[in-house]
Every structure is written in structure tokens, then in C-alpha cells.
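In C-alpha cells, one chain follows: the form predicted on its own.
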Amino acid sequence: MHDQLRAAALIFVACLFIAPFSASAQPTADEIVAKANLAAYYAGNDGRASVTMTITDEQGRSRSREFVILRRDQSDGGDQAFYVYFKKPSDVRKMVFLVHKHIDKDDDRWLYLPALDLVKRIAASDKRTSFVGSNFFYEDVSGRSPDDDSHELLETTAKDYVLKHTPKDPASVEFSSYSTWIDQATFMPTKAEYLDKEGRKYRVVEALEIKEIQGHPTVVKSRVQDLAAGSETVSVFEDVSYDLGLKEEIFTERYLRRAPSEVRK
């Protein structure tokens, strides 16, 4: 009996030391990516933001886009819908970009062109092309699926996890790999650097400013640089809010031609 009690006591003492070590053990690359995906794209159950996008070419000439973006999640880490309504300038006013993001298949994307009264489907093969003439890609709006790449933890700095991501289907993208810097405290991605097929860095995406809004770390200013072309796009996010109770019907083809009040105010 005494031997059993002694053994139980030893197990209890061992657990006191093992549990804290396990809780603080470094997460795997896949775990970091999963948490970063949630932090970057799933804050709250839905969200709204007003965005000003400034595009600057290699000669220093600038033009802007102003739009409102709505997001609605079906589940945490699952399918989502995005609705982007353009307000300025006049040549893109009332244009709408709609995304149905899927976890287990290619996303569905539509672009409504009011000047032609035309709804255009954007093919999956076009997701890595320019979003309305900016340095952002269509895929950047809803985010690249973590399952599209293999992930490797390269380094843990005092502040960030540094990871390398290699596409599982190299022929489907213009890059050979990219690296991300992910904040250890919040799991927010703060920078991504892309290498072309020859291994040269050609594209940089950065979060220039992050604020906490309704308890969620939120990027309020970001920049994409095309190092080869010498151009960049800076986006500023204002009036950001979460958990608005956005209705599912807003994110349907029906509202491509008739914008909901949530984007017109």
C-alpha cells in the first residue's frame, strides 16, 4: 500500500513539471499557419471596413481606389464570403467583387462591371492576377488556402516565427516559395516575401500598422511592393467593426447589381 501511494505521489510530482513544459512547447509549422490564418481572416463572426487603396507606379504617379469590404464566416476556420463594393473613382464606382471562399475546393469569384452591366466569373487560374489594377491579387482578398502549400519553420526570433511556404502545385503560381513573419504573441502575419522561379525576391507584403479593435488585432495599414516593376500599393482600413450580424443573402449574386445598405452608408 505504501509503495502504491509513493508511486502515485511521484507521478503527481512529475506531472507538475511536465505540464508547464508541454504547454510552452514550440508549435509546429502547420499549427502556426493554422493560428495565423484564423488571426488574419477570421476575427469575429463577420466584419466591415472602409478601404482606401493608393497605387503608385515606377514613375511615382499615384491613383486611388475607395471601397467597402464585408466579410461573413460560416464557421471558425471554415467557408467564408466576401463582398467588395467600389465607391471611387468614377470609372469603378458601383463595381462589385464577390468571393465565396471554400476550404475543400477552389473559391468562386464574381466581378460585376456596371458600365457594361456584366457579371464576370473569375476563373481559378486568374486568382494570382492583379486586383483592379493594384499590386494586390484576387487571391489576397480572401487569403491563400493553407492547404495549397507545405510549411517549414525556419527560425524563431525574439518576436516572430519565420516560416517558408512551398506550393504543392508549382505550375499554378508565379512564385517558387515565400516566407512569412508571424508575431508570436498574436499570430498575426506581419510580412511576406516571395521568390520568383529563379529564386529572386520580387514581391513583399507588409502590415505597416496593426491596432486592436474589439479585442482583435487588426491590420489597419498594409503595403504590397512589386520589386521587379518598381510599383507599390498601400491600403488604409478605417471604420473597422466586427460581429455586425451580416445576413447571408448579402453575399449572393442577387446583390451584385443592387448593393446592400451596409456598403452604401
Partner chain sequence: MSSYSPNQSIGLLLVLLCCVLPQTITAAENGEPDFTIAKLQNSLLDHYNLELAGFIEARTGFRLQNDPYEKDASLAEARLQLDLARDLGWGLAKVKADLGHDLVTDEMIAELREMNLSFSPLDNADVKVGRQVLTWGTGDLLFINDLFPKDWESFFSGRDDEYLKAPSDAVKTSFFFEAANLDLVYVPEFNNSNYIDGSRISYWNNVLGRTAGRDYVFADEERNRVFSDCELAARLYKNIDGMEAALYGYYGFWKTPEGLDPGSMRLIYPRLAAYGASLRGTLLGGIGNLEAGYYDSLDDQGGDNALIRNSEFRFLAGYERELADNLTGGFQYYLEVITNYDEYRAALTPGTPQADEYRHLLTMRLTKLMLNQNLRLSLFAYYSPSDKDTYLRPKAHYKVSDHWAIEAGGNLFAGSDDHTFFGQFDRNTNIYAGARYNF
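Rigid core here is just the name for the largest C-alpha set that superposes within 1.5 Å across the two forms. None of the values given here were measured: they were computed from a predicted structure. Numbering follows the first chain given and starts at 1.
There is another form of this protein, the form predicted together with its partner chain, and it is not shown here; the text below is about that form.
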Inset, instruction - Counting non-hydrogen atoms within 4.5 angstroms of its partner chain in the predicted bound form, say which of D108, E155, D147, E152 makes the cut. - result: D108
Inset, instruction - State the residue from A81, V92, V84, A192 whose non-hydrogen atoms include one within 4.5 Å of its partner chain in the predicted bound form. - result: V92
Legend entry - Interface segment, criterion being heavy atoms within 4.5 Å of its partner chain in the predicted bound form, picked from 157-165, 126-134, 177-185, 139-147: 126-134
Inset, instruction - Please run the contact check for E253 against its partner chain in the predicted bound form: heavy atoms, 4.5 angstroms, yes or no? - result: yes
Legend entry - A171, heavy atom within 4.5 angstroms of its partner chain in the predicted bound form: no
Legend entry - A115, heavy atom within 4.5 angstroms of its partner chain in the predicted bound form: yes
Legend entry - Close approach of Q214 to its partner chain in the predicted bound form, 4.5 Å, heavy atom: no
Legend entry - Contacts with its partner chain in the predicted bound form, stretch 52-85 (heavy atom within 4.5 Å): D57, R63, S64, R65
Legend entry - Flag for E253, CA shift 2 Å or larger between the shown form and the other one after aligning core: yes
Legend entry - S125 C-alpha moves between the shown form and the other one by 2 Å or more, core aligned: yes
Inset, instruction - Have a look at S64 and S125: in the predicted bound form, are their Cα atoms closer together or farther apart than in this form, given the change is 3 Å or more? - result: closer
